[in-house]
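Structure 1 and structure 2, given next as structure tokens, are two forms of the same protein chain, each shown alone.
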Structure 1
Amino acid sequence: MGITLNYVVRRIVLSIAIILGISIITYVFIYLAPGDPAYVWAGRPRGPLASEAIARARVELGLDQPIYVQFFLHVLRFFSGNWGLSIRFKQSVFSLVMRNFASTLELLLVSFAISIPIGLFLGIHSSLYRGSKIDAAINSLSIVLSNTPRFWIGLAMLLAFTSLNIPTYGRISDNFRGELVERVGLYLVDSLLQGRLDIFLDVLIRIIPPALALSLYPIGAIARVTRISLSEALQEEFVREAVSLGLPRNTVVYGYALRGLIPSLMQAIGLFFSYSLIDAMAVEYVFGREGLGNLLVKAIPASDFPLVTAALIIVAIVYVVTNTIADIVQALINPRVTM
């Protein structure tokens, strides 16, 4: 147990170091960009108020101080949650990003709730019947699925559903918008907490088409890693031993071969999850759902630098934290602790 605790502490320290590193990298960008850093931070303002905005940015960044003080101020501001104001929305970027991220996260979670079982099912059966027509079909399908642009499929789906008169545009119908009390930020959960099944259903119907479009990549990717790693695991000595003891096929496949794969599959799924973020933002925009995608699309034309970097840092933090938790859980459940 002593080793494990040590490991946990090391892992946590490393993740804090990484988060700090990311905040520093984004800070360095300001200096890398062509032009005056204050000008960049202020969103390349033009017009009568420009010089005032630039002067304010200069103070905010501490540009009149020596460089190490600037750096110190930056770290201080970072940890106190004071990440600056959005140029486009004139609000604190921190709360702006957090609010919209909840929506994106909800979409991602639903899409992975769909794609993990389907992907595993396809991968397992493709591996069990490897070389057969079933395998060829599943494997080709998963290659096609994971190589189709998700926002493009989403667009086609939107067109199809709209012409069928199924409401899919937006996150929640306008009638319910005022009635929903936001607590967690995930509307599916919030509506249930409020005991409003009608809102829940409305939200659910609207989230399924984009979630489906979004799940194409993870379905294909999960199916492929499962197929390959299960094919290898089925040749392992302890799996063959289970076979030789006459254990039934399901026990051998699920209880022996797959069980050993859980850590590496979890890691792969985590990777697909963070990779899917890029799709989530685009799909979300296509379906007119609020969220990071919609937020940033508006931020780009306004050169809203503080907002985009805040989004970058928050998403990176989520990635680092989930990864750390997954690693620690993995170390705890694996009896062969080798650290």
Structure 2
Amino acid sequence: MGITLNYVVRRIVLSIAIILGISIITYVFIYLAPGDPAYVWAGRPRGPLASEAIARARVELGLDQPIYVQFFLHVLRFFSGNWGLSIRFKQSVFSLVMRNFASTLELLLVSFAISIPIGLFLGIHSSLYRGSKIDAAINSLSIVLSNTPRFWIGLAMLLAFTSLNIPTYGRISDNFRGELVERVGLYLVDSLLQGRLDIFLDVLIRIIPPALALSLYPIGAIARVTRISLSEALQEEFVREAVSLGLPRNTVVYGYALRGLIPSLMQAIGLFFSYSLIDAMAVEYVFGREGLGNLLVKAIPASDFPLVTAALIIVAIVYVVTNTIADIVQALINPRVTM
């Protein structure tokens, strides 16, 4: 029995409900947080007319209305794409969040392009040599990698590359910033679409160190999951039968045992991708890159609640959507999960 439309619809409806619930909680916490957005919006006024300026700002921002009205209007604007203006930057919240999210997403994609093959390689070899010194070394390395603070490694890498005069700070050189034509928001892709290899190399050099720092956790996590899952799969009856038939080792491992692990591995990688989003926000701040992390650091002290709320909801949406896609793909590959 294949995946049913009912299963897909249920997962999508559940995801929307979770996102809506997160948006409610986020908005309430931001609303109750200390700080006055109207004070910042009014230009931090002083003197006898300050209270009047702040009162006008509260009306302009809609903060004079009851919280349930504010939240209803917030949800309505959010799902219509009108996220309002940033209090700190006086720019469209939507454009700010999307631009910075593209930077964070690019860092995540490069990081997982590094971590997935390395993690699978380590996990497979650890499983094949289970109980040996190789297995012990890889297992220890996996534990260390998955538990090492990424921001600390990022800072160490930044200092090391800087001492070698390798540019790693920032997302792109100031010399190229005005020359790059942004089309999809991913600078590596945009530079190739523009035919600018010099810009591509500059962006690539700057993204590799933070991507390496960010890849430590998924490398260790993928290696450990692969090791455990493959070790169990190699004990299955169909694998033993394949070995008894004299099939080549690579065929048994990759064609039979590992192939059956694809659904669970994809779901695990989806979870690791979601978890790494928070790490990416910390790492990009260390390297001075554009991204959601840098955006939140600037928005929170300014009580920029429209920007903070939108950024946090985007993080929640990425987490929920990633896991939903992983579940649906797993169901397509292994229909038993829908039963």
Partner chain sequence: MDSLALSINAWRKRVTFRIGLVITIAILLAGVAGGLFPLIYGWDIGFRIVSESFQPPSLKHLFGTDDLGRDMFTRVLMGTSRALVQTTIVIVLSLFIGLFVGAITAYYKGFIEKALSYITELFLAIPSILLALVFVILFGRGALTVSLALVASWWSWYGRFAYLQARAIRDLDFIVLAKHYGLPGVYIILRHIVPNIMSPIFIQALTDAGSVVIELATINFLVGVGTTSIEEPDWGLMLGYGVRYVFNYWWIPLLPGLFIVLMALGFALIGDSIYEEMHPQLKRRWRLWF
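Reference numbering: structure 1, starting with residue 1. Treat the numbers as computed from the prediction; the structure is a model and nothing was measured. C-alpha atoms forming the largest set that superposes within 1.5 Å between two forms make up the rigid core.
Looking at both structures, it is structure 2 that matches the form predicted alone. With the core superposed, L292 shows a C-alpha displacement below 2 Å between structure 1 and structure 2.
Relative to the superposed rigid core, the position of the CA of F79 differs between structure 1 and structure 2 by 2 Å or more. Y68 shows a C-alpha shift of 2 Å or greater between structure 1 and structure 2 [criterion: core-superposed Cα displacement of 2 Å].
Overlaying the rigid core between structure 1 and structure 2 leaves the Cα of A57 displaced by 8.3 angstrom. Taking the rigid core as reference, the CA displacement of I18 between structure 1 and structure 2 comes to 3.4 Å.
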